[in-house]
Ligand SMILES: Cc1cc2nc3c(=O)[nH]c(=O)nc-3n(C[C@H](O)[C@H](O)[C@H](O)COP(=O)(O)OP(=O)(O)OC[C@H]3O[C@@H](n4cnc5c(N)ncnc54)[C@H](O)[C@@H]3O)c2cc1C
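Given next, in structure tokens, is a single chain: the form predicted alone.
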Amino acid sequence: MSSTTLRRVVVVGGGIAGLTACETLRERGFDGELVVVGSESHAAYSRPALSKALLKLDGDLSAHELAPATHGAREVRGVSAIGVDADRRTITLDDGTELPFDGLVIASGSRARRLSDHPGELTLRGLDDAHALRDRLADQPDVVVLGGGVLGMEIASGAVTAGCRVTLIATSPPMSRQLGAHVSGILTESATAQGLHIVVTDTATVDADGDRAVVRTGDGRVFGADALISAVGDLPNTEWLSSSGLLRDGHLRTDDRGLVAPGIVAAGDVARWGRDGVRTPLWTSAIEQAKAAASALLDAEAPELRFQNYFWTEQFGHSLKAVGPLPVQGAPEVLIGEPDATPALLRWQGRRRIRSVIAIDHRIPIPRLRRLTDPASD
């Protein structure tokens, strides 16, 4: 489908992928009608800020705010898409409305994975979650965090900084699955020095103990607290596509341009992208995928996406930036600094000769960090 046949584009998803897709469509010359459907009542915001600045009691409460959108779309907020008919080119909303489209951008994102239905199991996914958790931390409750990934460690860091007594429970040393044992050791040493209690266990479940939620480990221990926060991954919001014929093996898969079907593209946390067929639920990946997908909606011969994944984290006094394939394997090459100290610039050999680079407490510009992932840059 060419841009000349697109009169109305519907974007399902009001987050950064949807916002970026709209801006890109306008930049590429689309002057037709744009409609954005978002399940949240808020305008698009910076999700990474929720577990960083917004959890700090003295943090910037506007850190999540983005510049006002300039795409001129009609935004339908607080309403969810519940179905799509790809043949009739219509979207059905949960208020009964049907929206016709010529082009569709699927950017419906993901939601926090939960281990129980207990109301005491808290999660941090949206802006309302962040404000509620910040209010809880102000009372300095005892906290249990379940999950040792980036989000779990950022939540634990915010809770420790707020003066809470915090236990983090994980099925592997924190951050080790993504960043390896070397970086995990640096981060967990700082975390424990600041008072975080870390429990590594084979299995952990969330259960009820009276009115409160508790974590039970495989060896029979029970951990309860005033606040239990799960950070155990996310689930793509694909249920509304179940009868659309757009899913393959239950997954929303795209090509390397973001195309799902003629006139339909996808980007962000909801999609398994490209020939690798993996989800990459990262802020920067959602932005780059949305740019590529919007371009492909206007031109099916648009360039394939070529982008090195990038993310950053702030926790327990450390700032970390990572570019390239994850997880890393083995010991790193130390480019700058000492092996077990910071600041440091570390590099690992990655897949397809593309290397992974991690900077800890190092003010290296991102473009240079990206160049270090390419063997040809040496």
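Just count from 1 along the sequence shown to find any residue number. No experiment lies behind these values; they were computed from the predicted model shown.
Keep in mind that the form predicted together with the named molecule is missing from the display, and what follows is about it.
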Contact check for 191, 332 and 362 against the named molecule in the predicted complex, heavy atom at 4.5 Å: no
Would you mind picking the one in 64, 52, 347, 321 that has a heavy atom within 4.5 Å of the named molecule in the predicted complex? 52
Which of 298, 137, 214, 151 has a heavy atom within 4.5 Å of the named molecule in the predicted complex? 151
Within 4.5 Å, heavy atoms only, one stretch in 41 to 49, 64 to 72, 23 to 31, 334 to 342 touches the named molecule in the predicted complex. Which? 41 to 49
Would residue 158 count as touching the named molecule in the predicted complex under a 4.5 Å heavy atom rule? no
Taking heavy atoms and a 4.5 Å cut-off, does residue 176 contact the named molecule in the predicted complex? no
Close approach of residue 230 to the named molecule in the predicted complex, 4.5 Å, heavy atom: no
Contact between residue 307 and the named molecule in the predicted complex at 4.5 Å, heavy atoms? no
For the stretch 249 to 275, which residues lie within 4.5 Å of the named molecule in the predicted complex by non-hydrogen atom distance? 267, 268, 269
